[in-house]
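Single chain ahead, by itself, as structure tokens, in the form predicted alone.
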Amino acid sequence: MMKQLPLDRLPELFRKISEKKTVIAPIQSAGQVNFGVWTEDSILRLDALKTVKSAKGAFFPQVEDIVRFRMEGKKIDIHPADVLTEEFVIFGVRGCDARSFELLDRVFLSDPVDPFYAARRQHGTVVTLACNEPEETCFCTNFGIDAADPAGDVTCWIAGDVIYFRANTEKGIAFTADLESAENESPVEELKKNITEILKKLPFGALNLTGFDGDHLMERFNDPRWSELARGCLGCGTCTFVCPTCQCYDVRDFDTGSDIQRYRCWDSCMFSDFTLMAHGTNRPTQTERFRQRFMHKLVYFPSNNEGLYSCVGCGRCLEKCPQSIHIINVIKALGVNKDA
């Protein structure tokens, strides 16, 4: 059963939720829209199609404490960081970002399970929002994502001055329990039809992914066109930091003066010092690092995860790469296996 709420009463709903749970939503700050903790003074931007950084930070933060050490002589006191125990709601997640959570689950919830990520997934409720006006840089349809009807604990649609809610899980049922039942669901159905028509017209909505699979791994790996594709790549890592599915991280120690703080932070396979060890690195050139990023998303990951690509077609890398070198270029250049 679908529920509804006048859009101008959404702050009222957030206010009620925040009495017991933290509310995370698209918030405008310093001219940019990113997911952040909602407060009465926040500038809520549900009209923004995509946040600059993805929603993955709610479950996989950019910086996260792991443990602290204190040494006194030969004695070492170890204080592991606490896992999250507070409930929270992340509101306004688009379909592409919602799919990224499923992909990250396959990384962080596989043995050995990451306790910090697992705790956030346990205590987080995901409320998704349909994309009323997908942009030309969107290509989520290639990966089976429906921007008109995204997944999540709750799915929302904004039609006119009303926001509609549909619970999909037990968490979603609890979230929508106090909302009024929708008297008429036809505005949602009409909106979904309009969105679907837009999705059909997107320039990158029907890419050819033929040949990006485990059966053609060495063919893709040894393709001589990688050097040409990678030419001009600065190795800045922008694409990985805005990407919803990148999960590389580094673990570092910081001497606070009284103890050692061990934390993890996002890293990038595009950096020259990524996985750097005493003997050097196994990917010394930018071409090799460039190839690693896209081979992982389009070949390695799907070959190990029932065909699921490690890309959700959000288009952030298309928008943010300073050299316009991105995954669409790779798919168009290498994706068609003429011998298949």
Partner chain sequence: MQEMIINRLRELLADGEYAGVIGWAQGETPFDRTPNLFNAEGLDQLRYDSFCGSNLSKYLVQQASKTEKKIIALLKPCDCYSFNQLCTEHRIDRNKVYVIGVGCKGKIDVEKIRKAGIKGITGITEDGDLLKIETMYGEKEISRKDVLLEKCLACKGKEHKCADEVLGESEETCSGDKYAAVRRLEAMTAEERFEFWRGELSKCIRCNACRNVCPACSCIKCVFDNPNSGVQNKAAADDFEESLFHIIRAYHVAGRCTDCGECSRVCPQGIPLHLLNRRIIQDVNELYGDYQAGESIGQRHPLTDFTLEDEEPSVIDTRGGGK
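Positions refer to the first chain, counted from 1. Keep in mind that this is a model prediction, so the values were computed, not measured.
Keep in mind the form predicted together with its partner chain is missing from the figure; the text below concerns it.
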Since the chain is shown here on its own, which stretch among 146 to 154, 172 to 180, 230 to 238, 97 to 105 would lie within 4.5 Å of its partner chain in the predicted complex, judged by heavy atoms?
-> 230 to 238
Looking at 130, 209, 198, 162, which has any heavy atom no more than 4.5 Å from its partner chain in the predicted complex?
-> 198
Proximity to its partner chain in the predicted complex, single hit among 202, 84, 158, 167 (heavy atom within 4.5 Å) = 202
Please run the contact check for residue 292 against its partner chain in the predicted complex: heavy atoms, 4.5 angstroms, yes or no?
-> no
Can any non-hydrogen atom of residue 322 be found within 4.5 angstroms of its partner chain in the predicted complex?
-> yes
Any of the heavy atoms of residue 62 lying within 4.5 Å of its partner chain in the predicted complex?
-> yes
So in the predicted complex, does residue 43 come within 4.5 Å of its partner chain, heavy atom to heavy atom?
-> no
Since the partner is left out here, which residues of 7 to 40 would have a heavy atom within 4.5 Å of its partner chain in the predicted complex?
-> 29, 30, 31, 32, 34
